[in-house]
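In the form predicted on its own, a lone chain appears below as structure tokens.
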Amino acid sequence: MSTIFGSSIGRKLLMSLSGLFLVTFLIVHLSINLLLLVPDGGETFNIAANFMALPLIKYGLQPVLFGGFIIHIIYASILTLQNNKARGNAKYASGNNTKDVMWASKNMYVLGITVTAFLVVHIVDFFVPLQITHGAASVTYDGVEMHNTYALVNAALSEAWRVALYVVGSLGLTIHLTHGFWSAFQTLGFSNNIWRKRWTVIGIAFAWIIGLGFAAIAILQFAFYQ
């Protein structure tokens, strides 16, 4: 098993599986964030966020999610270094001069660094005060006390520079996904001449739905929910 995952194909397989796992997280995360737009003062969003803070999720799924990010980042770094070393001085020859190669596919590592930097800001803004320092205010619904996560998000998105940062981060994620989505299915063997084109179209559509969704939430919170 260690030999398989120590090979180039094995590393690509792990990166693809971890990437698709993170795609599932993005779908869930966007679904919950859309509740920020429910005009009830944040009650629906807070209840959903409180559910995601249950011990089973907090101590079970969160470490798995964190592990997924770490695996994806590590193997992306290893593969990028290997590819650059293998190509040497000609590492740009097959990419930048090929019209059929998407810009995102030639800059996945840079895009990955951008998304990771955005993730760090996101963790500092929300995960740290909610899960580590417990600095978030509390609110009670039907006798159940919970973090007022809505107030925390609303306050963060009241600053124009932070909204701009989240929009840029969302667009970086979008471009990263336009290549990563179909590439993962190709690595797993679910791609041929016909399905390569289909996965590309599906991946681009999915990437823009996710990216524009996150960006729109930040903009709408800033414009109409303060």
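Just count from 1 along the sequence shown to find any residue number. Given the structure is predicted, the values throughout are model-derived calculations rather than measurements.
Heads up, the form predicted in complex with a small molecule isn't pictured, but that's what we're talking about next.
**Study point:** the small molecule in the predicted bound form reached by all of Q62, I123 and L173, non-hydrogen atom within 4.5 Å
**Key:** Yes, each of Q62, I123 and L173 comes within 4.5 Å of the small molecule in the predicted bound form.
Review point. Taking the small molecule in the predicted bound form as the reference, which of I113, A137, L81, L130 has a non-hydrogen atom within 4.5 Å?
Key: So the residue touching the small molecule in the predicted bound form, by this definition, is L130.
Exercise for review: Could you work out which of V23, L17, A218, I204 is the residue within 4.5 angstroms of the small molecule in the predicted bound form, going by heavy atoms?
Suggested key: When the small molecule is considered in the predicted bound form, the option within 4.5 Å is A218.
Check your understanding: Heavy atom to heavy atom, is A184 within 4.5 Å of the small molecule in the predicted bound form?
Key -> Contact with the small molecule, no.
Review point. For L36, is any heavy atom within 4.5 Å of the small molecule in the predicted bound form, or not?
Key: Contact check for L36: yes, within 4.5 Å of the small molecule in the predicted bound form.
Exercise for review: Consider F190 of the chain shown here, and say whether it contacts the small molecule in the predicted bound form, taking contact as heavy atoms within 4.5 Å.
Suggested key: Close contact is absent here: in the predicted bound form, F190 is far from the small molecule, nothing within 4.5 Å, heavy atoms only.
Point to revise | 4.5 angstroms heavy atom contact with the small molecule in the predicted bound form for I47 | key: Outside the cut-off, so no.
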